[in-house]
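Coming up is one lone chain in structure tokens, specifically the form predicted alone.
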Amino acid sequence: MIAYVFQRLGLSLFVLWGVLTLSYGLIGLAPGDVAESLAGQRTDAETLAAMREKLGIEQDPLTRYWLYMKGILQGDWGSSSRYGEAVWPLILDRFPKTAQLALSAILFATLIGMALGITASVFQGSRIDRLITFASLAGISSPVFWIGLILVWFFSLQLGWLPPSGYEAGDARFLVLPAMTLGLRSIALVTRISRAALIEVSSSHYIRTAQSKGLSPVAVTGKHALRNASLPILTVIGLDLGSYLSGSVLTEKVFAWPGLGRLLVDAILARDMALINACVVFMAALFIVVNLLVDICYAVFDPRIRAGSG
């Protein structure tokens, strides 16, 4: 198991280097003059030349890439041209807000999605099952920004229960609508996956044995079926959590939530190369770490994986 973890970490470093290189190359290929976009179109030629020299864009692409990677290896990721400060304090300041939103959304999605999936599997083929299946399909198909606008219209404009957007430390009301918007798609996915997994294991020998012993349906589902159906459910939850922690761009933009996703969008609009690259690498690292933790959880839930990794 330890060797497997170190092997994954080694591959992760290679992936992060690839992500950083691809991000750097794509930003460099973007049309337009970076110096002009930062200094303004009406800036005189001398100021533009000084800006280009400061940014190092007069050098050839390979030299710029080498100097950038050399600075990273020395711990210097550069400064944000938009905010005028080092990039990592900006990222670390925004990440707790994104983590708060992501954890709230995934907790909300897991609890409701599991409950609906178990209910649909227990009442398989009934009207309840068909209703839950239809609702989950609608949830998967609906765009995030559309769901967010509908929730704002209903809970903020019509009922006046919740603020439409923004962020205020210590006030959970600002968290409810973004977490609901972000979690609704995950609810649909968790519902469908848990329903399918539970129906699949319901015909297994150990389920029939548990039923023949006279165990209650709750005990059979909770102790036997749900544990053995947990791996695909865990995969969906892990992937969505990694995606949410990496910054939910649309949700944060719709609700003016000051997280990583909104920071990245602002950096892209300003062509802030240092901040864009740092955000992309940080998001990729988060996604890799979450998936590594999911793989480790596989071994906890399934003894066969533990035996294979040993």
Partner chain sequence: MQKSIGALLLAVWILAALFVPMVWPRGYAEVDYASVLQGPSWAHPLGTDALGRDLFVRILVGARVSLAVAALSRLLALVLGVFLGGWAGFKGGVVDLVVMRLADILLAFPTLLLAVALVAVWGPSLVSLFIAIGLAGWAEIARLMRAQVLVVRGLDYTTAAMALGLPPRQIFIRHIMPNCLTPVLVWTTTGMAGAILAESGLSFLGLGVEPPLPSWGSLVAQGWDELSRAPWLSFFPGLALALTVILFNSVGDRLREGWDPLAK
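Note that the coordinates shown come from a computational prediction; the quantities given were computed from them, not determined experimentally. Numbering follows the first chain given and starts at 1.
What comes next is about the form predicted in complex with its partner chain, which is not displayed.
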| query | Can you check whether S142 is within 4.5 Å of its partner chain in the model of the complex, heavy atom basis? | reply | yes
| request: Look up in the model of the complex whether R192 has a non-hydrogen atom within 4.5 angstroms of its partner chain, and give yes or no. | output: yes
| task | Decide whether G10 counts as a contact residue for its partner chain in the model of the complex under a heavy atom distance cut-off of 4.5 Å. | result | no
| said: I'd like to know whether V280 contacts its partner chain in the model of the complex, with contact meaning heavy atoms within 4.5 angstroms. | reply: yes
| task | Name the single residue among L92, L131, A172, L157 that comes within 4.5 Å of its partner chain in the model of the complex, judging by heavy atoms. | result | L157
| query | Tell me, which of M180, L234, A86, V152 has a heavy atom within 4.5 angstroms of its partner chain in the model of the complex? | reply | V152
| Candidate spot L26, L250 and L264, all three touching its partner chain in the model of the complex (heavy atom, 4.5 Å) | yes
